[in-house]
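Okay, so here's just one chain, in structure tokens, the form predicted on its own.
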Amino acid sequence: MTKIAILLSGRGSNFEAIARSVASGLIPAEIVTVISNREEAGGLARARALGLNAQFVTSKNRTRESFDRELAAALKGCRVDCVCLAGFMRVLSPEFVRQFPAKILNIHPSLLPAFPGTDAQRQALEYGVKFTGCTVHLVDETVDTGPVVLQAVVPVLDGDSIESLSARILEQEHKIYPEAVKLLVEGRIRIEGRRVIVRAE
């Protein structure tokens, strides 16, 4: 069975959405480890409550390369097949990404390539767009630039705050991220240039 690792830094709501889909059999895989760079992360506590292997790898006072080496070693120790970033607030080094080619997924709260980086919801409101959303993409060696797997569109309402818009985007994240993980686990993703082609079931 495909072995999944989840990397997170915060509450882990996308991790929980993936975990529910694994538990229900929607995603034919096993979550073999959940790793956080923050010991107090809510998602890490949730993983322990679910009886999953939960690990803390500190990123404080370390170079990115040093942290990534330890992180990669932890993942390889669990023999993971693919990696899901679920609110993981670290930029992974090119060396790390190359060790898991086309096997790392990330979710971002905008319709990439619009509004990459941090505070995507604030960027969308300040720019005045009428629609934003979320994107699941394969991770490459730069930030938020990997091939797009799935996207969901969310309208921006006139009275939206960052909080209200973020909440509606998050609802869609919880839907499309497990779908994208399922596609990757089932080997139904093919990359042609920048395009992700999804093979039908």
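The numbering used is simple: start at 1 and walk along the sequence shown. Computed from a predicted model, the values in this text were never measured in an experiment.
The following text describes the form predicted in complex with ligand GAR, which does not appear among the structures shown.
Screening 123-131, 82-90, 97-105, 68-76 for residues having heavy atoms within 4.5 Å of ligand GAR in the predicted complex returns a single hit, 82-90.
Using a 4.5 Å cutoff between non-hydrogen atoms, residue 13 counts as a contact of ligand GAR in the predicted complex.
Among residues of the shown chain, residue 170 is one whose heavy atoms approach ligand GAR to within 4.5 Å in the predicted complex.
Ligand GAR in the predicted complex comes within 4.5 Å of no heavy atom belonging to residue 113.
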